[in-house]
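Single chain ahead, written as structure tokens, the form predicted on its own.
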């Protein structure tokens, strides 16, 4: 195993971790704001990927331009979904019932995609799909760099929104202590709706980034939900920075393990990390103090 190969795996692992961080950010927001386990998050990712593919097929334009439509559309869908469905669940059983509700939504989205686009695998072919760059001896596909750049810009924007805006302050207060936030005059129901919309908007961005470098099909979301759930548990449920750090570490670990174990077995790193976290630190590695500081 050469040093060049290991260095290339490290570079690809960092790029993969950045994409994982974006995909997991929305998932941890749902739980942080409302204690909702959003099984359908990865189904919305695949829906966004299909919309990006369809946009490219119909217009011939770059699928990244579809974000001008899908991001506000997904945000609106998230707000409506939270107001019409999630708020109707009883608080005492919210987390458990949210699993069943969002599982059903994931099946509906998968069925709808299969009905409209059939089960045929789809892939976007762009003029730069096969292009690559040399980074200190490592060959990196341009589409992976674009996906990583999109993820980095989106996470930076999300961080600034949560850290610097009044909405972000209200959202963080709702995450940390809902009742105390209500006592300070924050309309936590409205903030929760916007937080849910924000999570789905991140799914639109993540799905579009995913479509640049992946073959998509309706049931692909089941492949993603396991690793994403493992990331937010390891990072600490409700902690966006914790999810980002866990995504980078596990993405890097997966990329390095592909060298001796191959692609299929390397993905077990997520489930080993999940088992270890639940056994020894169920609150996650960044779900306590770091979540409070964020």
Partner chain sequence: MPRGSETTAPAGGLLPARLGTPVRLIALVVGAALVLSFPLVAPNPYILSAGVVVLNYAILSTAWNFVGGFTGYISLGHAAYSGLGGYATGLLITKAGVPSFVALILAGVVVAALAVPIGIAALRVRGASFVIVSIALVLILLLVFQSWGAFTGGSNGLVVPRPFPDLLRPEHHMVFFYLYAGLIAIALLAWWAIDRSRFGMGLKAIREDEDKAQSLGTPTFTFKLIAYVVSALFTALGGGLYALWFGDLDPIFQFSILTGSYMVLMALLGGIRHLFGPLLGAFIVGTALEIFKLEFGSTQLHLVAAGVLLAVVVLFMPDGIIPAVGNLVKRFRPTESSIREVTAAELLEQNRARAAAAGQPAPPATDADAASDTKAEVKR
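Numbering follows the first chain given and starts at 1. Everything quoted here is computed from the prediction, not taken from an experiment.
If you look for the form predicted together with the partner chain, you will not find it shown, but the lines that follow are about it.
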Worksheet item: Ok, 124, 145, 191, 89: which has a heavy atom sitting within 4.5 Å of the partner chain in the predicted complex?
Response: 89
Worksheet item: If you check 160, 135, 99, 76 against the partner chain in the predicted complex, which one has a heavy atom within 4.5 Å?
Response: 99
Worksheet item: Which among 244 to 252, 50 to 58, 63 to 71, 258 to 266 is in contact with the partner chain in the predicted complex, heavy atoms within 4.5 angstroms?
Response: 258 to 266
Practice prompt. Verify the contact flag for residue 16: yes if a non-hydrogen atom of it lies within 4.5 Å of a non-hydrogen atom of the partner chain in the predicted complex, no if not.
Written response: no
Fill in: Distance check, residue 213 to the partner chain in the predicted complex, heavy atom within 4.5 Å
no
Worksheet item: Even though the partner chain is not shown here, does residue 85 get within 4.5 Å of it in the predicted complex, heavy atoms only?
Response: yes
Item to complete: Answer yes if any heavy atom of residue 103 is within 4.5 Å of a heavy atom of the partner chain in the predicted complex; otherwise answer no.
Response: yes
Worksheet item: Can you name the residues of 51 to 81 that have a non-hydrogen atom within 4.5 angstroms of the partner chain in the predicted complex?
Response: none
